[in-house]
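Single chain ahead, written as structure tokens, the form predicted alone.
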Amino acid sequence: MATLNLQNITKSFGASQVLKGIDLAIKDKEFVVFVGPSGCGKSTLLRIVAGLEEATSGAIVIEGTDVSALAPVDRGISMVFQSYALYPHLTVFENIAFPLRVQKLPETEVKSKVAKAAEILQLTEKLQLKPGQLSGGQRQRVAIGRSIVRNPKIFLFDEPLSNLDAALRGDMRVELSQLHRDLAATMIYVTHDQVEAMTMAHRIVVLNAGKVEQFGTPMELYHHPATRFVATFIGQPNMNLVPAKVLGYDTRGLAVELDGGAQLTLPVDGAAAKKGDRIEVGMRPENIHLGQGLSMKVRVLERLGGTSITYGHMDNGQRFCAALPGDADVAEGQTVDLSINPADCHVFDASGAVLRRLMAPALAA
């Protein structure tokens, strides 16, 4: 059972505290992604798990054993870095075999382990080539193969796809997800790309300024963000945030007036809100439709085939984005009428906390 528990992990560099009490419980065979903006502490946290950085306080527990004081080689983990870190003068075979050579394993065992890893990664025909003869995706697979042969308890990935072009990143996301299924291993993956997080993870850790904002499945974070930060970080294009004032509250929900004049009754628990309070209403672009109630002047139109992404501003100057059908009859410079189902809105108080929905929709599987 390759479980990982992080218990009150803190990390300071001088007077600067970059991790502020991280508590996480990662299950056996789970694919967990650490995601967040630059400087949030995600790579530092991964390096602490790997043993490349020492936590200021807290414990790292793998399979019930506190490994905080152990050297990286003794933790049963293997790490794939952003740079491939391959030896250019060695063949693919020897690059993958390198950690086994260090262990001085018998040649028959080295060949067997390398052959198995190469088969999993579709590198069998490339074993006698050198890194300079490979594509970026193939070099990344060689780096992953070097980790596989060590048979670690936990795989760690530190932004391994960031050096690849967009098309190859998409292909490699699929390959890594398939690799996780083939190996049935516990994997932790760091990225700043929320698309990678949403498409690959069983659960996502959203980090912000050294703290865990939320830890949950991709669809939990998408449908039920715990904070304004999570709501705006998860989802592409980004969620619209429209300022509003509270008009009142009853059994139907919270009545609000958006800046610009539109009025909505939102099915959220607004019992603590007072008339006149300022709030923000979150609207995902994909929940916006052609209709009545909202108005936007289109400044930029992106035709993506099945979807038309429109960027513009509302009557009061508020920036706004809507994801409309690909063949929507809209044009740059045009003012379009839009609508949204109040049940699709998210509501945030002045502190950035989300107001609980009165009737939460079922999560997608």
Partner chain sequence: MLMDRYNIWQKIGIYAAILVFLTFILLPFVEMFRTSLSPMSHLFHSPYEFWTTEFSFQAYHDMWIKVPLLGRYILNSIYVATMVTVLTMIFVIPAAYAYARLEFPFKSISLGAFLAVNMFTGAVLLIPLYRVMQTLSLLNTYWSMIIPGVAFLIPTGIWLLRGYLEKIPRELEEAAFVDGASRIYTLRRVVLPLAVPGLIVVGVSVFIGAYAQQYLFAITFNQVREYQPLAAGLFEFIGYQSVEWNQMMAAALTGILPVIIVFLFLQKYLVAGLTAGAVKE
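Each form is matched to the other, and the largest set of C-alpha atoms that superpose within 1.5 Å is called the rigid core. Quick caveat, the model's predicted, so the values are computed rather than measured. Residue numbers count along the first chain shown, from 1.
Just so it is clear, the following notes concern the form predicted in complex with its partner chain, a form of the same protein that is not shown.
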For this session: Would you point out which of 222 to 230, 145 to 153, 121 to 129, 248 to 256 contains residues with a non-hydrogen atom within 4.5 Å of its partner chain in the predicted bound form?
Result: 145 to 153
Exercise. Would Gln140 sit within 4.5 Å of its partner chain in the predicted bound form, counting heavy atoms only?
Worked result: no
Problem set entry | is_contact(Pro88, its partner chain) in the predicted bound form, heavy atom dist at most 4.5 Å | yes
Problem set entry | 4.5 angstroms heavy atom contact with its partner chain in the predicted bound form for Gln194 | no
Exercise. Could you tell me if Gln263 has a non-hydrogen atom within 4.5 Å of its partner chain in the predicted bound form?
Worked result: no
Exercise. Are all three residues Gly170, Thr199 and Gly235 in contact with its partner chain in the predicted bound form, where contact means a non-hydrogen atom within 4.5 Å?
Worked result: no
For this session: Could you check which residue among Lys116, Lys275, Arg181, Arg101 gets a heavy atom within 4.5 Å of its partner chain in the predicted bound form?
Result: Arg101
Seminar exercise, completed: Of Ile288, Ile77, Leu161, Ile188, the only residue with a heavy atom within 4.5 Å of its partner chain in the predicted bound form is Ile77
For this session: Could you list the residues in 31 to 58 that come within 4.5 Å of its partner chain in the predicted bound form, counting only heavy atoms and keeping sequence order?
Result: Arg47, Gly51, Leu52
Exercise. After fitting the rigid core, is the C-alpha of Lys130 off by 2 Å or more between the shown form and the other one?
Worked result: yes
